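A single chain comes next, written as structure tokens; it is the form predicted alone.
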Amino acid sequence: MKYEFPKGFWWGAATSGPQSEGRFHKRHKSVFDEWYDRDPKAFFDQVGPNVASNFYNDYEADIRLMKEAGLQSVRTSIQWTRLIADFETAETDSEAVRFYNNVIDCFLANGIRPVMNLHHFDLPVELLEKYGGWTSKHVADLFAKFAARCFELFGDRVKDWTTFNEPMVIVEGEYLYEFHYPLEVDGKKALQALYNINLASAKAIEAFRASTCKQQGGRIGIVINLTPAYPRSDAEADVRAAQFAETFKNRSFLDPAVRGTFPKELVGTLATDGVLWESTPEEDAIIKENTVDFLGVNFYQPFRAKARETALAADTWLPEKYFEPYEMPGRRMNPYRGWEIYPQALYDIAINVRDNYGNIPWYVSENGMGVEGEEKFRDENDQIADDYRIDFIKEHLAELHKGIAEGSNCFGYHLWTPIDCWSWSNAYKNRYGLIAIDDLVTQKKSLKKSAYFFKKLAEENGF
């Protein structure tokens, strides 16, 4: 079967500033920079973000490689910790302005559409230590100032913006499950951060619409990681458990971003539990009035839930009060990442967006397969023969195509990631790129077999 995609469909890939640039000439530390400086042993092979994939120094050559891989659009991010010299005034660092201008111009010169994100887990540690990070409304205001500066500096060339990448991961990682610095477990803080990030996103959108970006043909969205929740069985208790998991994990950001309101059932439950965030009617109105123009959806794995079989023993509020994760027998796994592979969920997402979110324009902003030890898959030409990645892409695109054929308003597909990148505490353990970093010391890079597949995919607008 030939899968053809709509005319003008985006074929691209996604990365981020903190995962690609390195810390060269960066004035401030992010929370991950701070964590690495404090505890390098928490990172795989003790590899931190200091060099990453050296994009800061190699961006011209890297972007040429991206062009060779057929990428027509690339999402990356502008680092708050790099661009801004003074967080209170949003005064900029001139070297950072030069760098991002050069990167944007280089993308455009190579025929690649730059998509710019404003926050990719890289909160300035100074704002965590001084104000409490995303638990602070003041930090939301400072983020809006940073966003406004970005629109002013780069909005003449960048037409596609997003406010946050995977905001739920910030909430879960920093305040629920201890996989992002500051490694706290505090349900009340988590929920306040959840609200404040929604507010920060809305304030950034408000700043965007007050700028000249809209008149210059720009639009703004958000990138949300969706993990559709499926119940263990049709039993009422399992269905209720999956519904709460869906509401908390997915709708906490999806509903405010697109509808401008939080799910009533979530608000009611949190109020009953005594952990509802603090907010004002004025803040709620900002969220209501500043919804997104489009949606980015990161999809890697589903979530399977069952009713709790034992009461949750916890010293703080956790969403697992209302469900337990369920490991479905026979599920297909990526053994390197420990994630279930379930392409059908991408079809379910497409239909959900169509039916429940006004069929808003959306695109797959991340999808990909991380594999450890890819060097063992080199062929006789010393190229990484990552057929498993090609198959993964095809399977997911087949399900996406089905959703588009049934009317879902999807306009693109971005793979994670163009070049093997530094991946938080996992560092370079699992590789995701179309382009390999063959040697972390020399930063030698080469196209994998999947890059040639992707180039043909983009040229033919299908497979």
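As the structure is a prediction and not an experimental result, all values here were calculated from the model. For every residue, the number given is its place in the sequence shown, counted from 1.
What follows is about the form predicted together with a small molecule, which we do not show.
K.L.:
Report whether the minimum heavy atom distance between Tyr428 and the small molecule in the model of the complex is within 4.5 Å.
P.N.:
Tyr428: no contact with the small molecule in the model of the complex.
K.L.:
Determine whether any heavy atom of Ser408 comes within 4.5 Å of a heavy atom of the small molecule in the model of the complex, and answer yes or no.
P.N.:
Contact with the small molecule, no.
K.L.:
Evaluate Arg337 for contact with the small molecule in the model of the complex, applying a 4.5 angstroms cut-off between non-hydrogen atoms, and reply yes or no.
P.N.:
Result yes; Arg337 sits at the interface with the small molecule in the model of the complex.
K.L.:
With the partner left out here, check for me: in the model of the complex, does some heavy atom of Phe32 sit within 4.5 Å of the small molecule?
P.N.:
Judged by the heavy-atom cut-off of 4.5 Å, Phe32 is well away from the small molecule in the model of the complex.
K.L.:
Just one of 91-99, 256-264, 120-128, 237-245 has heavy atoms within 4.5 Å of the small molecule in the model of the complex; which?
P.N.:
Among the listed stretches, the partner-contacting one is 120-128.
K.L.:
So the small molecule isn't shown here. In the model of the complex, which residue out of Glu283, Glu172, Glu166, Asp160 has a non-hydrogen atom within 4.5 Å of it?
P.N.:
Partner contact (heavy atom, 4.5 Å) among the options: Glu166.
K.L.:
Identify, from the list Asn298, Asn352, Ser252, Thr269, the residue with a heavy atom within 4.5 Å of the small molecule in the model of the complex.
P.N.:
Only one listed residue qualifies here, and that residue is Asn298.
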